Structures are given as structure tokens and as C-alpha cells.
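Shown here is one chain on its own, the form predicted on its own, set out as C-alpha cells.
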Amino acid sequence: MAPMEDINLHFTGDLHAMTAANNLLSSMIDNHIYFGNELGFKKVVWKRCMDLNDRQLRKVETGLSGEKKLVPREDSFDITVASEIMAIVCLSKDLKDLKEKLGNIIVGYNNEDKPIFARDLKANGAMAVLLKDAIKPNLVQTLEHTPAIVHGGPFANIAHGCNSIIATKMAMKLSDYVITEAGFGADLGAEKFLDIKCRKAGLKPDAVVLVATIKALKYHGGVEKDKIQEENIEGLEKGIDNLYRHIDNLKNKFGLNVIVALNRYTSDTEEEIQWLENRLNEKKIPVSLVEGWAKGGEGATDIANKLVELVDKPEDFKFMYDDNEEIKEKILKVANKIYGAKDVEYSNEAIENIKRIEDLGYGKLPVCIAKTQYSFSDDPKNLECNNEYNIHVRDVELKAGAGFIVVLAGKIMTMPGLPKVPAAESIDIDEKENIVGIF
């Protein structure tokens, strides 16, 4: 996409607007408490956010200046892409719907354990003003001048992982064929796109493009990361089971037609490519070698032609669970059917929060499970998932504004940390204002 540098950095400022709206609400909560706490806040559940990885902010103490009437309290930060504001912008149908969803955010609980909403603070109007431009999709182009719409950025491992409803429906009005991304595999992005976004927007996909790489399959077959660029048919043979599971989820669980896009890397050998294509052909799974990185649009014409044929074939799309099922039943169905887990284990805190959510009348909302993207399980090191495993739910959070329930599994964090060598160390700008080091 162009301009690549801007898209990877500030772009149009959408995320900054979301950050500002989020933190305006935080400021209004603490300001309300400072001036007498008329709403009777006993517990604040709304978190601040920022658009940076910073593990130091996972838990903080605020209000420590010692000023009279200022009440110190424990607080925490999410990264902006995991904030409820991000989800609300992406799941709103228009400005009126956005404002209503913002008002429905539960920010805390009073002395009677009843929820306090953003609308009770009269915050949703000002928040909507901050988001009035951010709710509009952004038109960009590919390097070959094909139009593309970029809007929103919820990460699929910690959020619902899809672009906005408005962007998708706008694209559907403007084109005969629309492809939208729902990344991190069929266990995360695809499941959330299908069970959350499609449910809320009334969408039904005609086919699924499942992107695979030979490097990733070898990695899931137990090959060390520093050796995945070497030819290794044995590693591919072990790792292909991971691909089969994703295909099974999409084709047999969700009832959708699937084509595998084999995204070619320069390290892939002809023997590896041929071996993988043969295995998929044996199982009558459509596959296309995609060389868009090296050849541009010409390298993706084969999959485009195959997709045109695939979308006309009949399919039987179905959700993984019904709205009316209990929260635990929804979680279990995703864990069993999509993750391949034997069962789900809950912390005491998660059990208490599930009961509270159902008692408040929000039990019919879909579930958004936050877990590692590296494994079907909630253990990032369990790449092959050969043995039985359970999903471990440590907490459950209600996002009443966004309209779903976040389920935190394993050790997943909604405020990531930087790696030992941050990418920022390589990013710079030269005298001609050219940005370097991003790609």
C-alpha cells in the first residue's frame, strides 16, 4: 500500500484520535471523583491507553501528587489497538451508532455494584467529536494504483482483529469483489471476523483465502527459527498438520470454501513448493502460488482467477455458537471446535466476572478470546499441539459499548512489551525527510 511509511506510522491520525477519546473518558472519571463522586464510584474498570508497547504501564499508581481531595488509585494501560474505543469505531455503522456505543461503555461500579456508564458522565458527546473523522475510512492505493481502504487496526490476538464495518460495506458498494483481512489464522482473526463482525454487520463471506508460507509450516513442524530458510521436506511434513487444521476449521466447522494462498519467499525451493502443492491437490484443496511481492499484480493473477470461480460455489456458513448460549458454553465451543482443546479451566476471578456479566443481562454477547497467535493452544511454545491441552481463562471483561465479552487466556497481555532489540533502533529520517528502516 502507498504511502507505506505513513501507513506504518501515524497515517491519518485515527489511532491518536482513539487514544485521545479513551483518555478523555479516563480524565472525566477521575475529575468526577475529585469533585464529590456524585455517581458513587466504588470501583473504576476503565483503563487508559496509548499507541505504544510499554510493559511498565501494565499496572500503575495514579493520583500520587498529594493534592487535597485527590484519591490515589491503581490503574493500568492497554495498547490503543486493544482498547474498547478501537472496537467501537470498527463495529459502528454510522456516527449515531458510534455515539450510542460510546455512551454504553461501562466505566465502573457504584456502592450497590451497579454499572456506571460513560453516558452518565456526559462524556460520549465529546468523545464522538474527537472521533468524527476517525470513523471515516481511508482510501489509499497499491503500488499499481489499485484502490484499497484502510480503516481500524484491532490486533486479532488481543482484540477482534478486523477492519471497520463501514469500510467493508463501502468497499462492497464500490467493487464487484472485495477482500478483507482477518489475520493471525483461523483460530483468531477468522473466528472473530466470522463470529463477531459478520454477526453484527449481517455479512456472509463467499470464500476464504488462507495465507500460508513454507517457512511458517516448517517452524510449526519443529524446525528451529534460524534454520527455516533451509530446505527441509521432513519439517514441512510435520508442519502441514497445522495448515490442515486451519483448513478444517474454515471448511468443515464454518462451512466455507477455502483456497490456500502460498506466499512465496526467496528461500523457498522448487522441491518444497511442489511437495506442498501435491499434498494439497491430493486432498482436493485449491492452492495458488502467490508471487505478489516479487512480481506485483502479475504474481497474483492466478489466485484472482481461481477466487472468481470459487466464490460462485455453494457453501454452508454457520457460526460457532448461538447468541442465547451461556458464556461458558460459547467459550467451550470455540475452544473445542476451533482450538482443538479438551476443556476450559477458569480462575476464580474469571468465574466471578462471568456471573456478574450474566447477572447484568449481557450474557448473550459474543465472546472475543484473547490468546497467543503462535499456537492453537494458549501456550506460545506449544507449536505442534500433538498432546491434549486445556485453555486457561484467567479473566473475563465486559465491553458493553463494543458489544462483546473479552476472554483473556493464558499469559496474553493487552499491553505488549518491546523486544530486546526494538525496531525503533533502526528507524530514522534523512536530510531529505525520507524515512528509513521500517521495511
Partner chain sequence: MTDIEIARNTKLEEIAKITKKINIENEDLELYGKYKAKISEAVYEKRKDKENGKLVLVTAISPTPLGEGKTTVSIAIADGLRKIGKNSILALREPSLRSCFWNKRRSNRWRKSSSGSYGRY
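Positions refer to the first chain, counted from 1. As the structure is a computational prediction, the values presented were derived from the model and not from experiment. Between two forms, the rigid core is the largest collection of C-alphas that superpose within 1.5 Å.
Not pictured, yet referred to below: the form predicted together with its partner chain.
The stretch that touches its partner chain in the predicted bound form, counting heavy atoms within 4.5 Å, is 51-59, out of 51-59, 36-44, 387-395, 402-410. Residue contact check for S27: none of its heavy atoms lie within 4.5 Å of its partner chain in the predicted bound form. In the predicted bound form, its partner chain sits within 4.5 Å of a heavy atom belonging to P147. For the chain shown alone, H220 is a contact residue for its partner chain in the predicted bound form, at least one non-hydrogen atom being within 4.5 angstroms. Its partner chain in the predicted bound form comes within 4.5 Å of a heavy atom belonging to F193. Screening A123, L280, L210, V344 for any heavy atom within 4.5 Å of its partner chain in the predicted bound form leaves a single hit, L210. Site annotation in the predicted bound form: the residue of I327, I369, L91, C162 reaching within 4.5 Å of its partner chain with a heavy atom is C162. Relative to its partner chain in the predicted bound form, residues K200, D322 and A335 are all farther than 4.5 Å at every heavy atom. In the predicted bound form, the residues of 297-327 lying within 4.5 Å of its partner chain by at least one heavy atom are, in order, G297, E298, A300, T301, I303, A304, N305, L307, V308, V311, D312. Shown in the overlay between this form and the one not shown, fitted on the rigid core, is a CA shift at I412 of 2 Å or greater.
Relative to the superposed core, N53 shifts its CA atom by 2 Å or more between this form and the one not shown.
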